[in-house]
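Next up is one chain by itself, shown in structure tokens, the form predicted on its own.
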């Protein structure tokens, strides 16, 4: 097998991966360079499709402060967000936001040149920065892509998928095996610092706002390598995704910033209903709004409710939400006059690879940042626009951390790694799997049995069905193509989500159990390591 060596390898090219690569290159001498691996094209990621914005507790906003942001984060997190993490990330936001501006990110400003701040659900203060109105993720990733492509220390491998981590008997990560989609071959990359920035797993569900690549690859890589995963049961379902048809599976996000500007949710009879579910109405935390919409849909046997934005000034509406306005217009909806059909969709993975704010995991040389990581910031329910902030702050802190590390690539490889490499050197059967149908069947199971509202019977049915699919798919290691690798990873992560959901016999944040509707007094994290799963003692 072809092999190469790099001082640092970053898997994923969303905001976290791009920013980490850029800051590491700027701050650290890399004798063997840095490699970014992306299974699609550079910048294609969940980050790119983030609309609402990024939290910025910055000095220019005199109405805001770190403590206010921390309180909002802890409230939304339903008892599982960790104060120390929230304080650290909030405090770092001013420096990182200003560094993003220096990197070429153009945040929207008023006529005087001051940064524009807006309000989103569960925030007590206007603190959300946005770019291009409702294209903040694109604004950030485009700027970072330009900077990365202009950095001669950074190499880019597109359409290359990381399929297994090379971890030795001492639990040290020494590299990764890639599947090169362009050549159909496997390759070895050795490194002393492997950074997972692979995003979430929304594609495990029938309806999702996530792009096609969000199949939980980094989570599966880490789990199979022996990394600790935390709080996998907490999947955030965004309340308002464009629901043109029940057949439309990948759904366009309608940012909650629209509700922040005053839009109202109405049922199929045209009546507002959020007052029955929360005194914060449309600005309640996402889990509450999602379940309210889910309840209204069930009452009416409908596939959607509606978001009415007609009370917002038309000019402001189109200026603030040009992407949403354009997408709706393409489908015959004038959002200044017509209500938008919306329904919940899988959106964000709150749990993930347990990591510090610097990205450190329980495996030496393996780091995780962004949506695939679980730092303790989001808890049981992520506060809006905290995700992009966590991506860039943790990338920034990881670069500082690695500046003190030994980044000499490994030259001594033990037998355990050689055995792994041998598996990928050997031929496998060319049995033909219809991965498109297999993926869709799995998504249906997860939506129906481990979705917005869960119960023991459905979860255990999902467990049985997923185990059956695993047994029928004879690819636990090497696969023939990218689709098979994605399906392999989807099976792994679906199983972990279901197991964690069965273990958590309470309702908390985004994890709602109809058979355990009460929230327990003690807030505990769940933890899964290969061959081991448990609820931890209270560490919040």
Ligand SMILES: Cc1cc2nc3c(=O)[nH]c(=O)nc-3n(C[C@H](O)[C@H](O)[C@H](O)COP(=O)(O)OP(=O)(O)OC[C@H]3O[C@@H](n4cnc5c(N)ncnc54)[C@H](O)[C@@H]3O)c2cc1C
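From a predicted model like this one, the values you see are computed outputs, not experimental measurements. Residue numbers count along the first chain shown, from 1.
The following text describes the form predicted in complex with this ligand, which does not appear among the structures shown.
Between 495-503, 26-34, 66-74, 49-57, the stretch whose residues reach within 4.5 angstroms of this ligand in the predicted bound form through a non-hydrogen atom is 49-57. Highlighted residues 16, 387 and 391: every one comes within 4.5 Å of this ligand in the predicted bound form, counting any heavy atom. At least one heavy atom of residue 253 is located within 4.5 Å of this ligand in the predicted bound form. In the predicted bound form, residue 199 approaches this ligand with a heavy atom inside 4.5 Å. At a distance threshold of 4.5 angstroms between non-hydrogen atoms, residue 382 is in contact with this ligand in the predicted bound form. Interface residue remark: residue 484 is not counted as part of the site for this ligand in the predicted bound form, having no heavy atom within 4.5 Å. Checked against this ligand in the predicted bound form, the candidates 161, 395, 263, 335 yield a single residue with a heavy atom inside 4.5 Å, and that residue is 161. None of 209, 191, 290, 81 but one reaches within 4.5 angstroms of this ligand in the predicted bound form through a heavy atom, and that residue is 209.
For the partner-free chain shown, 347, 348, 369, 370, 371 of 332-371 come within 4.5 angstroms of this ligand in the predicted bound form, judged by any non-hydrogen atom.
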